[in-house]
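Only one chain comes next, encoded as structure tokens, the form predicted on its own.
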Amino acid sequence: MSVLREIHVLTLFPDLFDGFLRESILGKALADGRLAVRLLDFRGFAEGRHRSVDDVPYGGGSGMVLMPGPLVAALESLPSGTRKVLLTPQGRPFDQAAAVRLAAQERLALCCGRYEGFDERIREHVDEELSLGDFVLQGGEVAAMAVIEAVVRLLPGVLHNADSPTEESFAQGLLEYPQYTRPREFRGREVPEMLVSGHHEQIRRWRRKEALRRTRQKRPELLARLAPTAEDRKLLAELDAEAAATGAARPRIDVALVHHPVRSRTREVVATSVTNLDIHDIARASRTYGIDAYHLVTPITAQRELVQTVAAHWLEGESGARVPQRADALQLVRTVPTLGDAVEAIRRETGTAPLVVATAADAHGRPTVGWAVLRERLAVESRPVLLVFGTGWGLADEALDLCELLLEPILGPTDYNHLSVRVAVGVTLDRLLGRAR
């Protein structure tokens, strides 16, 4: 198996890397010859008196775009067999699995962009595209540093403790278990007794259980992708039993009504219109069943403003005083551009990412969870929960992909299956949260 020996960084600002390459484990790896990092200013490959590397985009637009000539020439100057990576917000998310994969390459090249992006034809000359996350940076240099550090620490002999790379967060698909050091007691909080017991097997089991607990609470989407061992399943059952034994209160439960992305009758991805009935009726159902917030999801600004205007009519005007029950329900209403924004709002408010559960009249081959199973889970769930409903002809795949669970469809005694979303919300809330009779 190959091991990374050389990293080429193609950048217009090589001086940004000076301090970074001298410090900590990376500096030691470079000093003892385990790794070479070569900074290549691709301005040196530009033609003309001014060595220009960017130009205005065809078709107009703000900013400047990197020309293909200089960067492609720099890429072609690299040694044969170099894995060429373009750092761009349009790339696949960089994660621990990608770090492990890149660490097995003998040579790696990281292309740092600047300005408004790359000429599209540059993409034809790289092997893959990676993104550090869904945000915008001034250039790719900070992303390159993150990739370098994540990769280099995986190389043999770089870390003093050979077990460290396999025990840390994400290395095994879970967040890392809690860590403690001296003093044993700090401001009233003591190190867990298990960690000072000396029972190594029990300590190992405790750490695995806490890793599962922390991942379930903070990054449940990681747990959804985990292939659990028999021990993991037992530990998760113990976590559920602990929650039930403590009599923990029902988790926060929110509802989201998605107007985009949803499917049309012809299966196209569309945005549907917000209706007055959706605003009022689902808010009233949410208030009846103790829902904590009702999120209307639409990217259309005018539609969000409409929702806010309707809610304000009852919350700020005389109407609310005349019908206080309606105002009490409409105070639950929120508007967000995307389903991801609703998930992030819950995470910010609670400190924990929610369990996202989709509902659909047609599961389209995706695995589903039964009503009784989900109702029992809500009784012991420690995370907040977001119940997601789609308008139109159901949630599009990109919305379903954000959901950890898909609830089985509502089925009547006939073949007709075309309930309004308002009825579907009422049935769902009653089955999951209604009083036992």
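Keep in mind that what you see is a predicted model, and the values were worked out from it rather than measured. In this text, residue numbers run from 1 along the sequence as written.
If you look for the form predicted together with a small molecule, you will not find it shown, but the lines that follow are about it.
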> So, in the model of the complex, is Tyr289 in contact with the small molecule at a 4.5 angstroms heavy atom limit?
Replying inline: no
>> Check Gly113 for me: does it contact the small molecule in the model of the complex (non-hydrogen atoms, 4.5 angstroms)?
In response: yes
>> Can you tell me whether Val136 touches the small molecule? I mean in the model of the complex, with a 4.5 angstroms heavy atom cut-off.
In response: yes
>> Although the partner isn't part of this model, could you tell me whether Ile300 comes within 4.5 Å of the small molecule in the model of the complex, counting any heavy atom of the residue?
In response: no
>> Taking a heavy atom within 4.5 Å as contact, would all three of Phe118, Leu132 and Ala143 count as contacting the small molecule in the model of the complex?
In response: yes
> If we take heavy atoms and a 4.5 Å cut-off, which stretch out of 354-362, 335-343, 123-131, 261-269 is in contact with the small molecule in the model of the complex?
Replying inline: 123-131
> in the model of the complex, which of the listed residues (Thr82, Gln331, Thr350, Thr88) lies with a heavy atom within 4.5 Å of the small molecule?
Replying inline: Thr88
